[in-house]
Ligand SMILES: Nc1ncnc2c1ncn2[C@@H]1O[C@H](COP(=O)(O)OP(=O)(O)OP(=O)(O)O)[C@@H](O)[C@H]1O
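The chain below stands alone, shown as structure tokens; this is the form predicted alone.
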Amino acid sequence: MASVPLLEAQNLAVRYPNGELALHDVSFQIQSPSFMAIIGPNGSGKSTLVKTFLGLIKPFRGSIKVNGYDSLKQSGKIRKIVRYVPQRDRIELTVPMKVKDIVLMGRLLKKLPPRFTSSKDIRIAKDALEQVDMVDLWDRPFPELSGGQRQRVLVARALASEGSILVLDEPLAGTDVESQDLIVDVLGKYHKENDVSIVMVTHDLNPIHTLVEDVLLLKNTVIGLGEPCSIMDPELMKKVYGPTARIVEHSGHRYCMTRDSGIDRHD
């Protein structure tokens, strides 16, 4: 029996609040399980697509399903199976929350009220922080952390949570090289060792090129869908990033140089 697709969009169109079309004529299917990247230039509708399949934005036309659940009619079921790391987390930095509070939030938000922390929750939260090399900062105030450290903690919060799909919106943006490498390694290992699909929005395919199985190339509609190597195509890149996009092949690697993202690479 064929598995239910991870994501399936049919003739999807979404408008921005000002009425402008953010996405139009979006149709694609990604099989499950997958480590999937959604790429494209700024303003191409990447985050809008994520918010739509999570049920946070309503489609103007068409539909999108996650594991067979319709984003419009079954958003509650989708949120139960998805762990989400948004682009700019809504954690107010003036609130004196500690690292442990942030990570335990990933456990508590999936529970029914009244929500109490168990010893199992603490064990899982510490294990998640261990994976991103942040367990020593368990009691540290979250606002005191660097941008890269904060991002690691937010990834740990998602790892500590439950659900068969992990969705990350630009998790590497604004992070230092050490944090970027660590987050990529953790996600790659986590996908291999657990029955969890990963959907990552990124403007740069380079750091995750060896991990990704499916790439969706967006510019307000689907420009390309396939393995990383097939998407790193000169004509596709120019269509999306303009005539300045260049593909360079060297030592078995394909490099895409764009003004938008620097270098995207795939073996």
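Don't overthink the numbering: it's just position in the shown sequence, from 1. Remember, predicted model here, so these are calculated numbers, not experimental data.
Absent from the display: the form predicted in complex with this ligand. The rest refers to it.
- The closest non-hydrogen atom of residue 170 lies within 4.5 Å of this ligand in the predicted complex.
- Although the partner is absent here, residue 18 sits close enough that one of its heavy atoms falls within 4.5 Å of this ligand in the predicted complex.
- Among heavy atoms of residue 43, some come within 4.5 Å of this ligand in the predicted complex.
- Residue contact check for residue 164: none of its heavy atoms lie within 4.5 Å of this ligand in the predicted complex.
- A heavy atom within 4.5 Å of this ligand in the predicted complex is found for exactly one of 34, 47, 67, 206: 47.
- Only one of the listed residues (74, 194, 87, 117) places a non-hydrogen atom within 4.5 angstroms of this ligand in the predicted complex, and that residue is 87.
- Of the candidate stretches 233-241, 26-34, 208-216, 47-55, only 47-55 contains residues with a heavy atom within 4.5 Å of this ligand in the predicted complex.
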